[in-house]
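The chain below stands alone and is given in structure tokens; this is the form predicted on its own.
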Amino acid sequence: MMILRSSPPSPFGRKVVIAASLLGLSNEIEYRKADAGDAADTLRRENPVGKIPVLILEDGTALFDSRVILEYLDHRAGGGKIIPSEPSARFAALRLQALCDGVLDASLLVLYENRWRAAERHEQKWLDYQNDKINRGFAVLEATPPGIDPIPNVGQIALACLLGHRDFRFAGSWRAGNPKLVAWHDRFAAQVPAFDATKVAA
């Protein structure tokens, strides 16, 4: 039995849970909550940088980050399922995942600035820098939303988790200016039951 160390609000952990469901591997994974802020949590021994998610294999090997874990799960399921084998489709999926993960990273940095610094100590240039990344990413995604494969690929999973995270942490502010992405989100949710099953209440 593999062990997944994560936390329900994590969009990166959510990617792993959704991928495992799509690949039919959910019953091979035990979920154990991790607290990245707790120095006593074993997470920091499992991943030296103390980030979630971490997937611990049966032999004790710890895999991180989410992109590596998704690649391993695809391999374990036979390959070519959520990471296409055909080169052009493969690199399109990986590129989409990189874009969505980058927007997620910028979103988390905005979140942490607001969470860990008093309002009078916020660095507006830093916030503007991160929000520019987010806005540019959304502009590209809205202009050309991806399709949704019969088994969604890693890029499509990442996009769904990005939109879900923006709903959860930023009150769905992305929705007003991105009608194509709203429609895409709804199609993905209808096709992938694990998406709603992993939703965290605001």
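All of these numbers come straight from a predicted model, not from anything done at the bench. From 1 onward, residues are counted along the sequence shown.
From this point on, the text means the form predicted in complex with a further copy of the same chain, which you will not see here.
- Mapping the unseen interface onto this chain, residue 63 counts among the residues with a heavy atom inside 4.5 Å of a further copy of the same chain in the predicted bound form.
- Using a 4.5 angstroms limit between non-hydrogen atoms, residue 167 is distant from a further copy of the same chain in the predicted bound form.
- The closest heavy atom approach of residue 89 to a further copy of the same chain in the predicted bound form falls outside 4.5 Å.
- Although the partner is absent here, residue 175 is not a contact residue: none of its heavy atoms lies within 4.5 angstroms of a further copy of the same chain in the predicted bound form.
- Shown here without a further copy of the same chain, the chain has 109, 112, 113, 116, 117, 120, 121, 122, 123 in 108-123 lying with a heavy atom within 4.5 Å of that partner in the predicted bound form.
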